[in-house]
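One chain follows as structure tokens, the form predicted on its own.
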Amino acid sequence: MNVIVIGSGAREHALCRLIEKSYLCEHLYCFPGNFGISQIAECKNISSINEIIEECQKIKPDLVIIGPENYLSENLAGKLRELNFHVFGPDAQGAKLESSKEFMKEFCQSHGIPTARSQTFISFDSAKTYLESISDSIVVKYDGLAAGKGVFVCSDRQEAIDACYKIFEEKIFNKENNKVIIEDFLEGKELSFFTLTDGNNYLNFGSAQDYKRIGDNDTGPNTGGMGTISPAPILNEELMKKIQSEIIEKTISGLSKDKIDFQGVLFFGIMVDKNNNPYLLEYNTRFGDPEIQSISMRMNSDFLSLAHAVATKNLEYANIEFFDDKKSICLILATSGYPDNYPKDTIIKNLHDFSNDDRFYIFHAATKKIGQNILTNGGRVLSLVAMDTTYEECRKKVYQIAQQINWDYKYYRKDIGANF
């Protein structure tokens, strides 16, 4: 098969690694890709939807896999399907589960999926008036896509008002037509769960625990994710049954009832309370980054065959296998200053000293090569992933390599996977 992966981050690097390993893969492309991905796929520096569609018409791939959420919300999958391409990723209607928090809340309410109580606001004044009646912790969510930075977990009323001010008045995400969802704060432990569906059938893909905040012990602002461990340690048999019946099956059934033909992966961000009851925090309609980096290392079946089965509505004939006795940890190396202001084009001096294999891999998120130098090109730059029999063995490996990487501007959390 000729396969095209769309995107340029560590998520796409992880997907490309799985695809390149498949005996079914003849030629692998990635648009636009990055330096790390270019070692295993042919990268082309194109990123607009029109350019991607034109290139697909030239190459005529057997499968297109769309990584980032912005392409999904802009209906790249739908446009490619209209041209008779097989695509892994939902059309714009399915992508609304992620691109609109209001749509997600309405979907949950309609289909009885447990989630936090919430209200929607379209102006700063109305949101502020509502918040002045609240004294407890509260969560403010920007309604659109925000690269993982649109959720504000606020410990008091003033923090929540400040978050609304940033969205409505400073317009940090969108210059017009802003909207926020203000919801009750749910206390508990969080996990990420993934399920593949072809619109008719579904297969569960696995779990991870994400570390979203920039600082150790979950301090500081939210980021796109500073590390993950897989599988999620809190996911026991009883909890899995509840997630299956209360969230996954109701979601798949709801998609069918609402006539949303979803072909791709559903990410469930789940909060588990002290009574072991799951509540849906959010949907993503693509693989999470950095969750897929850690989950993918534990995969022991052919991902390309699986993705093709999703895109061709043949998932009932597919299967998924993982190394159940293995754990994995992903540690993010970010540019110092992220998620606020940080320098670009800094040099990583010794990446060639580290080799990748089935137990350890360095996925690139924001790198480019100019001359003989590997330069950074963003906030989250590298994902160091190790697989072993225990979380502690994984921790030893990723932190050993993190210390050895010669990069003056590197920053990483010190507590990923600790205490498990």
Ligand code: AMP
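For every residue, the number given is its place in the sequence shown, counted from 1. Every value quoted in this text rests on a predicted model; they were computed, and no experiment measured them.
The same protein has a further form, the form predicted in complex with adenosine monophosphate, not shown here; the description that follows concerns it.
With the partner removed from view, the residue among Lys79, Lys179, Lys101, His86 that has a non-hydrogen atom within 4.5 Å of adenosine monophosphate in the predicted bound form turns out to be Lys101.
Only one of Leu333, Ala116, Ile348, Ile243 lies close to adenosine monophosphate in the predicted bound form, with a heavy atom inside 4.5 Å, and it is Ala116. The chain is drawn here without adenosine monophosphate; in the predicted bound form, the stretch among 247-255, 137-145, 334-342, 106-114 whose residues come within 4.5 Å of it by any heavy atom is 137-145. In the predicted bound form, adenosine monophosphate sits within 4.5 Å of a heavy atom of Lys212. Adenosine monophosphate in the predicted bound form is approached by Phe185, whose closest heavy atom lies within 4.5 angstroms of it.
In the predicted bound form, at least one heavy atom of Glu282 sits within 4.5 Å of adenosine monophosphate.
Although the partner is absent here, Val151 is a contact residue: one of its heavy atoms lies within 4.5 angstroms of adenosine monophosphate in the predicted bound form. With contact defined as any non-hydrogen atom lying within 4.5 angstroms of adenosine monophosphate in the predicted bound form, Met271 is the only contacting residue in 251-271.
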